[in-house]
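What follows is one chain in structure tokens, specifically the form predicted on its own.
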Amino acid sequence: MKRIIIALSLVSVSALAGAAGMPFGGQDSVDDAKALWQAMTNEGLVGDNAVHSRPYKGVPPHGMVLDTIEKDITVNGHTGHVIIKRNYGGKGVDVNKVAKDPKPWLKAVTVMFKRENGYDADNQNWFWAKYKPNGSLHSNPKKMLLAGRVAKGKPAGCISCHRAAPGGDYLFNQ
């Protein structure tokens, strides 16, 4: 009897999650992240031929050295502002080494993309993604892919950290 109750509970939780939409890591978020990566690639913002900004000393959780690029781009028919932060690390990394040859130091590309009104009004409609250098998505310890409303409602993670940004716009670089 306990197994049946547990199984029904798991089915109910799964059904509710599907009905409400996963805040992040679900197929819709992953598909959106793929479309976003492709749009950023087409604009020369990520990938082998990406433009780079001047690297600077970073802070956790992003990396010891960062570079940031911003632009308005169109993804799936919606034009919004994208903020791309390249996260560099590794033993011996420093700003000068990244400036000379960024590729071996790149560990992640973290992105905020301003979605259409209604996407996530509670968090100013930002879409979040953490990519590997090849464009595939990083995952959290629970194996959830980091794309969408990452860590929405949690005490730590993209949204909770950026919610504290001065100016109330979720941006630390303004």
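The shown structure was predicted, so the numbers you read here are calculated from the model rather than taken from an experiment. The numbering used is simple: start at 1 and walk along the sequence shown.
FYI, the form predicted in complex with a small molecule isn't displayed, but the following is about it.
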Problem - Full three-residue contact with the small molecule in the predicted complex, heavy atom 4.5 Å, for P61, G157 and F172 - result: yes
Problem - Which of 47-55, 115-123, 129-137, 34-42 sits within 4.5 Å of the small molecule in the predicted complex, heavy atom basis - result: 129-137
Exercise for the section: Although the small molecule is absent from this view, report whether I83 comes within 4.5 Å of it in the predicted complex, heavy atoms only. Expected result: yes
Practice task
Tell me, yes or no, whether S29 is in contact with the small molecule in the predicted complex, where a contact means a heavy atom of each within 4.5 Å.
Solution key: no
Handout entry: 4.5 angstroms heavy atom contact with the small molecule in the predicted complex for L145
Key = no
Handout entry: 4.5 Å heavy atom contact, H162 to the small molecule in the predicted complex
Key = yes
